[in-house]
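Encoded as structure tokens, the following chain is the form predicted on its own, with no partner shown.
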């Protein structure tokens, strides 16, 4: 198994990066050592790292999370150079050079910019440089709503066509209960279907500075797995955890890859926000779900929102259940007079 993973994405969050007096430099050194060791084995590695806002908080001696978007943007702008400085020093100890990549939701939603991002990563791999990725929190409110670096890590794994995504947290994996509260909590070793994952208590495992939680990790892991990328959620505090995972030491919780989605389908399903909603009748629902047909105008009962040709829309059943997302081939105000497929079969992605 360890020979089959050529390109690996590793994600670390604020809980692991937070130290008593700022960023946890010992943890940064640990990550730099492990990723450098992987690189010396011929692996291509990408690090998705939180910590910009945390760095700003620590530099300005804040005692709380920022209360407004404007504060978050300012603290991120202050903390990102500090974070990258610490990574630069840590990787330099092993003779490695790093590059900073800051992404927004728009970089991932646009096919053209998605491709540009992919080309940038490939160029960095050829230059023997380790990309370190964070969300660009210093820009608009809309773009901040990628939401968290767990989902960002899943998206980056798709962009770079990773063979493995490792998400490091502060527990040994996914448990059926919060292991910090329940002594009888049991670790889930393997997840093959998120719908069968039974978590009996609602815990999120958020830190005082973090934005994600255990649920966001599960959701992000499932997204990457649907693209055909195996995901392991494991304890980042454990010594040489990444190296142990690659040496088949049975660490963390493994999310098995499912049938691979196309990159286009992944973007439609998990990245692009629907510009509008279309309600269809039962006949159209049967045609698209069971008979492999495209969506025709005659099956549409109601349109919600405004959209234009080429936008992503969500298609709903009569009872309001989202059936699929797809790329519309006409404007919202022209749909009644349109005489072709509104959404072609090849542009549909069904909700799992």
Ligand code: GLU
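Positions refer to the first chain, counted from 1. Predicted, not measured: the structure shown is a model, and the values here were computed from it.
Omitted here: the form predicted together with the ligand. The next part is about that form.
Contact with the ligand in the predicted bound form, defined as a heavy atom within 4.5 Å, holds for exactly one of 104, 265, 171, 134, namely 134. Exactly one listed residue, out of 52, 284, 46, 315, brings a non-hydrogen atom to within 4.5 Å of the ligand in the predicted bound form: 52. Interface membership of residue 148, defined by any non-hydrogen atom within 4.5 Å of the ligand in the predicted bound form, is confirmed. Contact with the ligand in the predicted bound form, defined as any heavy atom within 4.5 Å, is confined among 109-117, 161-169, 228-236, 148-156 to 148-156. For the stretch 293-332, the set of residues having any non-hydrogen atom within 4.5 angstroms of the ligand in the predicted bound form is empty.
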